[in-house]
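This document starts with one chain, in the form predicted on its own, laid out as structure tokens.
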């Protein structure tokens, strides 16, 4: 039995769940309290989510791509990485490159979208069982949401999205991937690999970011993702997706117009650039002083982000409740 320590909504965790299911391995999930992670402290590996503990080998390992490589090497049936060495190396580089770019950018912009439109979702993601679910109740959610929003801003620096040109870099990367997948069915080789699982899962948070989910040049990419979700029985929508869509239907608007974006062309990084040996992360330490120093950034992101309200239009490739 493999135990997966997870944050239920994490796109990196979803990547591992999908890999475990494809390989047909017996596994169980343990939901982690995000700000404590006490459930994982007995393991000597890095305390990041996802983390798996394989009872049959005694191995504990974290980070989604190393987990998948471990699963493929330990349980070779139903391989997730190509057998041919050149393709295998290329798929591995795509996984690390997407972990270090798409995964980080999508997380930043997905959380940014929640803070701008419905921060009350945050307690339902991070505090569902704390104090018997107290902070998920009406009223208490309104108190907890700004604190969680400020913590996330300091940890992932959403207030620097414009400065870091995250929208521009991500648009260039996704347009290049959409073009690639118009010419071939999979990122590498002739069958589904871990590189495709990585792209499909890490793309998920952008389904709630209208600039990307409604982008004319990216509709084929989201259609490719939705097709894989259907074929492999993945959840059509996670909790945060259904909640923000319900909020938008109720209000009749969404935050979609990113008018300040630079029109300068970006050359997207690909797996053919300088080889990576591990994925890059973007988490930063937070303490009580720095947390409450994030209040101005939270207010600015919440109400003065420069991302304009527009009339609500359903995401073309999302199944709605």
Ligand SMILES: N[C@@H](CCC(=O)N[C@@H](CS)C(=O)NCC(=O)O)C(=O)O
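Fair warning: this is a prediction, and the values are worked out from it, not measured in the lab. Residue numbers count along the first chain shown, from 1.
Beyond what is shown, the protein has a form predicted in complex with this ligand; the following relates to that form.
Asks: So in the predicted complex, does any heavy atom of residue 279 sit within 4.5 Å of this ligand?
Replies: Residue 279: yes, in contact with this ligand in the predicted complex.
Asks: Does this ligand come within 4.5 Å of any heavy atom of residue 107 in the predicted complex?
Replies: Close contact exists here: in the predicted complex, residue 107 approaches this ligand to within 4.5 Å, heavy atoms only.
Asks: Wondering, does residue 140 line up within 4.5 Å of this ligand in the predicted complex on heavy atoms?
Replies: Residue 140: no, not in contact with this ligand in the predicted complex.
Asks: Using heavy atoms and a 4.5 Å limit, would one call residue 256 a contact residue for this ligand in the predicted complex?
Replies: Although this ligand is absent here, residue 256 would stay clear of it in the predicted complex, with no heavy atoms inside 4.5 Å.
Asks: Given the stretches 213-221, 149-157, 114-122, 129-137, which is the single one in contact with this ligand in the predicted complex, using a heavy atom cutoff of 4.5 Å?
Replies: So the stretch in question is 149-157.
Asks: Using heavy atoms only and a 4.5 Å cut-off, determine which of 196, 171, 245, 99 is in contact with this ligand in the predicted complex.
Replies: Answer to the contact question: 99.
Asks: Just one of 29, 59, 45, 49 has a heavy atom within 4.5 Å of this ligand in the predicted complex. Which one?
Replies: It is 49.
Asks: Since the partner is left out here, which residues of 283-318 would have a heavy atom within 4.5 Å of this ligand in the predicted complex?
Replies: Read in sequence order, the lone residue that approaches this ligand (within 4.5 Å, in the predicted complex) is 283.
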